[in-house]
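Only one chain is given next, in structure tokens, and it is the form predicted alone.
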């Protein structure tokens, strides 16, 4: 039989235990933050009918959907994001109590070009509010972003906000054909990756008039002076209803964020922010970190018309998506991940099988007290068993040999410090306290 070369497709990854433990802890922190704001979990299938996803992401997004036909001739697709499946769920279950506050932490798939922080299979952590047009909902989403990142240990990050209504108004003001607004904004969204000259060239190549481009980008240049920017735009665009409404919503958003006591320097208005997906309708936002340069780590906004494609009438909604891969990449590069290589808290050594009854009984007691206890599975020299614990990063070892059993004791060894102490078998609860206290990061 020919030897199979062990490999995985480009853009996909294996997660070995040490890295997966870190990821799970990050996801758990995010989950707890979501639930602290009253959000509840939702899970949707990996596969959707292709028509469910098609026509929702714009031309460039459409190319990245993994689509195929099954044996029954059904056209299916791997989910591209978690927003369209949520919209489909709301359409299928009209009895859901509104506002419907849900979160989902799941993998998605895109046939993208792999690069740093970008993969073909990756996880998103989404939080959404469905069923209210209140700007307070948008403010709550921004507050959740701030809260999650602070809980994870981020300090140097900026949440950028804008409003699609304002951008739509500026497009009209600039003399650009309204029918081409989505195409224009898809190119504008690339300002986060390329300089203005490169984006302008792309827009020229698409046939946008030079006079309109010159006027629009001159406004962007003027807006680099952020002092009283919204007030200046309000005066300049007062005759354009969509722009005026977008500015009013942004002013309301910043008022609410002030009540949340979020530092003003960490949430800023950025007129160049466009977000590439076509379904956004109002306030939009994304988060960037100063170092490393990796692009946005969160993104989202309001999409009041999307759910109507499945529901029969428009249902307002707003939300955010946390890019788990980029967040973990940044945390790893900045040494923000906690120093823990294993979920095992204590290892029981095994000298001979005559001691198994005592060892398994004690291990069961520790597990029932919430301690993750592993039993070494074969008779080996103590040095080898301690080496196993050290290699895995297990912080504690319980040693019970024939001599310890005869004395009615066990040895609790701290692998980090290298010291150990004898504890009576009847006082196993003392070991539970010591190990549990260490797990909580206390001395």
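Given the structure is predicted, the values throughout are model-derived calculations rather than measurements. Positions refer to the first chain, counted from 1.
One more form of this protein, predicted in complex with another copy of the chain, exists but is not displayed; see below.
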Inset, instruction - Report the stretch among 328-336, 173-181, 267-275, 85-93 that approaches another copy of the chain in the predicted complex to within 4.5 Å, counting heavy atoms only. - result: 85-93
Legend entry - Of 360, 288, 220, 244, the one that lies within 4.5 Å of another copy of the chain in the predicted complex (heavy atoms): 360
Legend entry - One residue of 196, 230, 212, 136 in contact with another copy of the chain, assessed in the predicted complex (non-hydrogen atom, 4.5 angstroms): 136
Legend entry - Contact test in the predicted complex: residue 424 vs another copy of the chain, heavy atoms, 4.5 Å: no
Legend entry - in the predicted complex, residue 403 touching another copy of the chain (heavy atom, 4.5 Å): no
Legend entry - 4.5 angstroms heavy atom contact with another copy of the chain in the predicted complex for residue 416: no
Inset, instruction - Could you confirm whether residue 408 comes within 4.5 Å of another copy of the chain in the predicted complex, counting heavy atoms only? - result: no
Legend entry - Any residue of 315-337 that, in the predicted complex, places a heavy atom within 4.5 Å of another copy of the chain: none
